[in-house]
Each structure stands twice: as C-alpha cells, then as structure tokens.
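This text opens with one protein chain seen in two forms, each one given by itself as structure tokens under the names structure 1 and structure 2.
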Structure 1
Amino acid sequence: MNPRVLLAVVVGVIGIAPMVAPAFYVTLLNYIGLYSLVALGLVLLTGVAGQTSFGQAAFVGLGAYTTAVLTTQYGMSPWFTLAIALAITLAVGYLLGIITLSMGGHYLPLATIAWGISLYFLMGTIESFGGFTGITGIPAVTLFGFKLEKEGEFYYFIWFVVLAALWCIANLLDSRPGRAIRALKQGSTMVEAFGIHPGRTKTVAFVIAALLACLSGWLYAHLQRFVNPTPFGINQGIEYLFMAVVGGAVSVWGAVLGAALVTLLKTWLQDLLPKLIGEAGQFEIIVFGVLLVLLLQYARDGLLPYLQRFVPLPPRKLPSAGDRLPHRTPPAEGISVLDEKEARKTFGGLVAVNDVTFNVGSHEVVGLIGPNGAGKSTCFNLISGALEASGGSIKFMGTEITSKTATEIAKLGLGRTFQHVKLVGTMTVVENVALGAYLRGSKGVIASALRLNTADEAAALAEAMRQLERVGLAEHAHDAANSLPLGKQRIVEIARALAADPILLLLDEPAAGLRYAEKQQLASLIKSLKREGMTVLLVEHDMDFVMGLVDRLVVLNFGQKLSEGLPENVQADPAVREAYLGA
C-alpha cells in the first residue's frame, strides 16, 4: 500500500472513531493518544539515541500537577500554565541531562529512577497538592472560545496534538540535528570528528522527550479534571518504556503502535483472564509480562518493522540542486598545514607514539607507514583530537591544537576516516555523507521540526550527492550503509570526510579490503584531490599502494620515527627494509 494512502486511512479512522465507537473505546483512544506522546519521546530518546529513562511518568506528573495547582489555587488560565509547565520541564530536563549524560553509562537511567521516585513522593506528601487523594476541580481547556468539556471533544484536541508531534519529530529525525541524534549510537569518537557534541546532543533528545511527556500530563489533567500521584509512579515509567520498545524505533509511528498495543492488551487481559482462571490474583500482570518477553525475543526492533513490510517506502527524492554550502579556499602552495613536534602518547607503561616529529605541507600527499602496532592510528588520533597527547606539540595551519577537542579541530578544517569503519548502518549512504557536512549547516532543532530548514537540507543533501559522485558511489546513495561491502563503506567514509570541506584529509588504511581495481580508483581519486588543492595524510600498510601515490613517506616502528623522505629513498633505506619489508 502507498504510504500516503495509508496515512490518509489512519487519519480518517482517527477522525470518525468517536462517532462510531462505543464511549468506552473513545476513553481508551484518548489514553492511547496521551501515552503515544510519551512513547514518542522515548522512541527518540531510547530507540534512536540509545539512552534509557525510567522517569518519563514523573515528567507527565510534572505537567499534570503544575497545571492542577496553578489553575485551581491561583486561578491561572490552562494555556498560561502549559507554558509554565513546559518551562519547568525544560529546566529540570536540561539539568538532569547535562549532569548525567556527559558521564555516560548507567547514570541517566539511575538518575531518572531517583527523579521518578522522589517526584512521586513529593506529589503525595505536600499538603497543598492534596496528598495521595489529589486535586479536583481542574477547569476545562477553552479553545477558540469553545469549552472542551466532553471526552469526545477532547479526543480531537488530543489527537491533533499527537499527529502534530509525530510530524515534528519525523521532520526532526530527517534533518541536520536529527542525523546527529541518529548517529549517537555509533559512539562519541565518530560524531565528535564531525563537530557534533555527543553530551549536548543526547541532552537535546532527553529534553524533547521530557517536554512531550509534560505535554501529555497537561492534557491528562484537563481531560480528567482531577489528578492524584498514582499514574505518575515508577511502574508507569517502566510501562512507557515498554510501549516504545514494543512499537519500535524505525519510525515515529512505533510510538502509537506501542501505546495502542500495550493499552489494548492490558485492557483485554484484565477482562478476559478473570473469566478464564478465576478472580483471585492479578494474573494479567504475569501474562502481560510473559507476552512482552516473547515479543521481544522474536521482534527485537519492535513490531513496526513487521508491519512496514506491507508498506514499502518509495526511495526518497533528493533535491536535484540546492544552494551551495559555504566552501573554504584551499591554502596556497608551500604553507605548513600540519606541524607535529615530539608528539607523545603513552597508554600506561606502553609508549605508543614516542616523540614523533614530522610535518605536512599544503597540497602534499604524505604516507604514514609502518608495521602493525607501530603507532600509526594512535598518531592519527592525536592529530584529530580523538586522543589527547601525553606530550609534545601539534600545530594545524599554524594553530596549536594539542589540547583542543576533536570538535574544535574539525571546525578548523580537518576531515578524517576511521580504520574500523564507523558509519551509521541503518542510515542511507547519502545521509551518512550528509552527516559530514554537519558543521557547514546551521539549522537547529526547532527550525528542523517545523520544516523551516528546506534550503539548508537541500544544500546539505546536494553536497552529499556531489561527494558521492566524486568517489563513484552515487548509485548507492539510497542503500542502507550496512548493506555495502566493507571496501565500499571505507569509500563512503572518504565521501563523508570530504563533505566536511576539509583542508587536511586524514585517511586511516583506506585501501584495506579493496580489490585491485578499486585500489586503482582510490589512488586516482587521491591524485585528483591533490590537484584540487587538498592536503592528505594517509596511513597505510600496503607499501605497493603508497609507492606511486605519495609525495613523501614517514615510517614509524615501535612508536618511533624510523625514516622519512621520498618514497624511493625510504624504500631503499636498510633500516626500513629490515623493520618493515623484511617482516
């Protein structure tokens, strides 16, 4: 089925449901809508960004209680309290995120559990919040002078908000900041090399998820017109996580699917099981748990991928042109691009890079060679900022970069590839390459969510296509990156590095895994880059590959510089023959 037709059918069903469905199901659909909003946040945070939060129910509670207290006790308008609730959530989410997310590991899940439990008891203990009995008499929301008092009326309001949120998050995921969020699971080394700050990007995802939960809570309070702490406890927090996982993160619709499935399943089990096995005990919770375990056993990525097989997405149309992104003028000939003096890196007692000195001039192609374990990749990582040097000095275009972060160095004009390929496997090839152009775009989360980024996007994707054509992989633009053979994935990494418009291109064993003809193509690509004014530092293992290609060679052995000079001189150097070729 065509996805547009399917979307129209879904929206149509949502539109007529309250007119034909029994009241009980309208109530249920209202809840599914509210849960979908929370699950949508978790699809983004957990499914896409790989961060787990057990505390979403507490953000729902924050939204509900803020409006409950402020409307009933201070007579504020619900629209005003919505702004206040979102502002509080923004502050709390930002603080929790910035403190825990840069620490990585289990800090976020633990912090969200602590946050969930403490807010729950806070709501229950504070006198003016009505304790565990809660707050009644919350006013209805007035929309364009129309009071939304009936469930069937509020239904349309909820589902309008849900569809709008789905649209915004889908837009976001398909944009410059969205690609950064989707790349987070690849680890921080890769994203930092393209100027993306992983801690900040995760915090953005966490704050968006918290805001969606808060919005759901605000809606809940004005639907129920009554709140107590029960629906905002840690149990509900876990259930929200189930919804996101059951639905799956391949598309934002996973949130709606997960919310609907979990809600309907629980309701039916609660109805059915007492009839089957008697009234004693809460069997539905056990059966529910078993069903979920089974489901996750057979559908790791949730249920949506199964359904999506029936709705094959047509390949996305790429903008044929687009404004050109800003472009650096390459440095003039004879300028020192890279100047490394006595760079040193130790890992405990091991000296991986031992006071290595060499330089690379503009428009030069320099090969860094040496046997396995010689320290080439480590040397590389010192230059790109992926590792911090233990000593010495490294200058890039005259700027001292020894203690700069990878992101700062990327901004100065350094592009790199990785020895162990780091592409986002589930993203298409062209999206991966567009990730390289991250620093050349500027549109942020809000502009992207509202689709105010079309010119920026067109330029980024057009640039990515240009780079793919340059490396000869244009026909694979729409393939998932992990469907390509490893050799081609290395070339995609080169295109991604080129999309950053670097002055200096660092390539770590780009020819590994390539066939002979592919190596020839790669060599001619590097030669043509040089003609266009690119400076290249190339780590290579394969002596034959570099001989006809580079202007100069630097040889490392056991972390030390063994030899340096023109390829033929280096090749003839007896020390090199013994250490490298003899081996």
Structure 2
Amino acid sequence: MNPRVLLAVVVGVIGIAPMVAPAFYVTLLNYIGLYSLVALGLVLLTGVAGQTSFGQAAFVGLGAYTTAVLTTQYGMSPWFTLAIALAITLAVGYLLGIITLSMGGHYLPLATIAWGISLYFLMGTIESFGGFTGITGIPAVTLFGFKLEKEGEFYYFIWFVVLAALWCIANLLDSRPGRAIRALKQGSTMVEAFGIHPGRTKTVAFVIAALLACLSGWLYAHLQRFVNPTPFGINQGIEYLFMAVVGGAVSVWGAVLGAALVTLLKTWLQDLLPKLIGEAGQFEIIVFGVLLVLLLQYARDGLLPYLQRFVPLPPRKLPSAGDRLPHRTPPAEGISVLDEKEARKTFGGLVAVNDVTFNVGSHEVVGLIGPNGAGKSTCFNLISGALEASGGSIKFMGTEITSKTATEIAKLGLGRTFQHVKLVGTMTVVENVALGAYLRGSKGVIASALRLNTADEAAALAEAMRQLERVGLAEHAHDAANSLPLGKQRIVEIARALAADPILLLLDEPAAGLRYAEKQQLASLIKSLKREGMTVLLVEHDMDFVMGLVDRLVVLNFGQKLSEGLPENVQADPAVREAYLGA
C-alpha cells in the first residue's frame, strides 16, 4: 500500500470528523490529539531509545500550569507563555534527564515515578497555583485575530499541532541523529564505537519527550480554560505509557492509534460495564489489565506493527546519488598506526592483560590470536576504548589514547566490529551501515526534524550503499538486519565500520560461528580491503583462517604475549604449539 495514499486518507478523516461526528466525539477527538502528543514522546523515549518513564504527566502539568498562572495572574499572551513553558520544560527536562538517565535497570522508572509524584504534589500545595482546587479563567488562544473558544474550533488547531509533531518525529527518526537514538537499545559499547555519546543522545530523547508533553499541557489548559492537579498525577503517567505500548511503541503513528484505542475503549467501558455488572466501579482497569497481558503475549511491539505484517509498506526510496562525504587521507605505507607498550588491564586481583607490547603498521593485516581466555578481546577493547587500561601506553597515529573514551578514539579514525554481532534488528541493512557514517555528517536534531538535512542524508545513504556494494551485499539493502543469517550479519558489521572511513579497522572474531564457505568469503573480503590500502587488526582463534590472511601474528596466552612474527614462524614456535595448537 502506498503510504502517501494511506496518510491522505487518515488526514482526510481527521479533517471531516467535526463536520459529521456528534459534539461528544469531537471532545473525545480533542483529548485523543492531546494524549497522542504525550504518547509520541514516549514512542521516542521508551519505544525507540529504550528509556522507560512514568512521569510524563508531570511535564503535561508543567505546561498547563505555566500558562495558567502567567495568563491569569500576570495577563501575558498565551503565545508568550508557550515560549516560557517550553523554556522551563527544556531546563527541567535537561536537569532531570541528566540525573535519572544515569541510572540503569529498574532505578530509572522508579526515579521517574518519584519526580512525577513530587511535581504533582508541588502543583497542589502552592497557594498561587490554586491548591488542589485549581485555576480558572484561562483565556482562549487567539490565532490570526480569531479566538478559538469552541471545541470544534480548537479541534483543528490541536490536530494541526499533532500532525506537525508526527511529521517532525518521523523525519528525526529517519536521519543521522535518529539512527543514533534507535541504536541506543544495543547498549553504549556499540554506539560509542561510532562516535555517538550515549548519555547526550538519551538526554536529547528525554528532553524532546518532555517538550511534547509540555505542549500537550499548554493546549489542554487553553482547551479546558481551567486546570487542577488531578490530570497530572502518576496514574495518568502510567496511562500515557500504556497508550504508547498498545499502539506500538516503535512507530510514530502507533502513538495516535494507542491514544485513540485507550481513550475510546475507556469511555465505552465506563458506560457499559456498570450496566452489565449492576454496580459502579472502575471495572475498565481490570479489562485493560487482561488486554495488556494478551497484547504482550501476541503482539509485543503493539498493534500497529502487528497490523503492518498484513499490509506491508514499500521500502524507503533511496537517493540515486549523493555528494561524497568527507574522506580521511590514509597514512603512507609503513607508518606506525598503532603502538601498544606494556598495556595492562586488571579486574581486581585478576590480570587479564599483562604488559602486552606490539604494533601495527599502515596497509598491514595483523592477527591477534590465542586460546579462549587468553585476553584477546580484552586487549582489543583497550585499543578501542571500550575498557580503560590499568597501565602502559597505547598510541593511535601518534596520539596517546590510553585514557580516551571510545567516542573520542572513534573520531581519530578507528572503526570496529564486535565478537557478538551488534546490529539494530529493527533497522534495515542500509540504515545500519549509514549509522557507521555518523561522524561524517553534521546535521543535528532540529535540522533533521524540519527536513533541512536532505543533502546530508542523501550523502550518508549513498555512502552506505557504496559500502554494501563493496562487500557484496547491495541486494540486501532493504532487508531487516535481523533477517539475515549470521555470516551476512558479520559482513554488514564490516560495511558499517567501513562507512566510518577508518584508518584502522578492528575485527573482533569475525569468523566466529561461520561455515567454511562463509569463512572463505570473509577472507576474500579482508584481502580485498588490504589491496585497497586498509590497515586491519583482527582478533581470532581460528588458526587455519588467519594463516594465509595476515602479514604478522601476535599470540597471547593467559594475558601475556607468547609469540610474535610471520605466520609460518609463529606456527612453528614450540611454545605456541604447546599452549595453543597442541604439541
């Protein structure tokens, strides 16, 4: 189905709804629009970025109370109060984001519950806020000299804002910073390897979600012309999250679907259930609980992704060409790219890497091998910045990187793959590869949301396609990354690392789990990269795989360097044969 046709139908239905629907349902549609804005923020924050928040209702209240107080007590224009409300929310959201997003596991949702409850009681106890009674007399919004006093008039304003927000968030997710946000679920190690700062990226998602909730609160205050703390409590925060989960927390339109379903179903059940049961009560909560269990059992990603299985959308059309991204000048042959001297890593009393020294020259393929537990991956992670060395020195292109973060090292020109494949399964192959080119782009969140990044995006996707063609996977560009077999997923990881335009390419056990034919294809690819002038350091335990592939071998055993030299010399070394190959 053509997505433009489907979008036109949805927009058309929204446009004619007030003309044909009863006044009661126009009111419900207004609330659905307001709830959609908050749920949209949770799609970005929770569904995409993987950061659970139960406190979004507090940001709705922040927007509502800011405009209520400033318009009724200080006579300010609603438009001026909107700017102030967004500025306050930006500051509060940034501060809370820094504090709460540093927590992991169950601590983050617990923290959002805590500050959500705190803001709720703050609104109810301050006298100038009207206490729990609230504030009345909020003025109507004036748009182009026309007062939006009736719900039918305010309806089009609300839904214009909702559609604009949907457009902006959809643009953002299909962009350079959007791919960074979508990659957060894979953990900080992967995103840092491509120059993405996970803490800042999470904070950006948190602040955007807070601003959308604030905007919803501002609209709510001028729709109702009255506010009190009741709609901004923790129960409503949980309901917002429920809306995002029901509709599909990985899809922007899932926010609208979830808000519509929950709002309509709640209204209908509140009328129907007391009649069936014969007494009043909040029986709809029981029904919602049962429905949530069924949803998590049969459609864990929400209803919209489940329905899209039956009506698949066509793949995103890629630009036919794009400007070349900035390209690093590779070092001349023979230049020392990596110098590791007496590198050491301890974990308490365990010495994982014990004073290891070796170097890698430009245009060279060096293999780092050894038995399981020899310290190969630990040494590899010291070089890439995933772990901080306990001692020694590691220099990359003459720059000391021992104390630098993975993000800082990636900026210097180091690209890597992972022992366990770390692709974003919900993204296509070409999007995963474009993620590798993050540092080669420049457009930020605002430019991406407003679609001012066309040239930047075309260049990134064109680069991704060039790398897929380079590794022989161009025909899989539009496939979901998690649909590929393990061998091809490892090749996609190499293409992603190449999209970063690295000086040094680190391959962490690239042949692990591959069949013989796949290993041969991988070896051919690495040889072709060497011919093109790429410098490669690979960690591997398969001696047969590396023997005809590398220029030199470095052998580790129990965290110490056991041997170093040409492959045939290392293979003949009695110490290596005894410790690794077998005497």
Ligand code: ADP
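Just so we're on the same page, residue numbers count up from 1 along structure 1's sequence. Please read all numbers here as calculations on a predicted model, not as lab measurements. The term rigid core refers to the maximal set of C-alpha atoms that superpose within 1.5 Å between the two forms.
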Quick one: identify the form predicted alone, either 1 or 2. 2
Any chance the CA of residue 513 moves 2 angstroms or more between structure 1 and structure 2, core superposed? yes
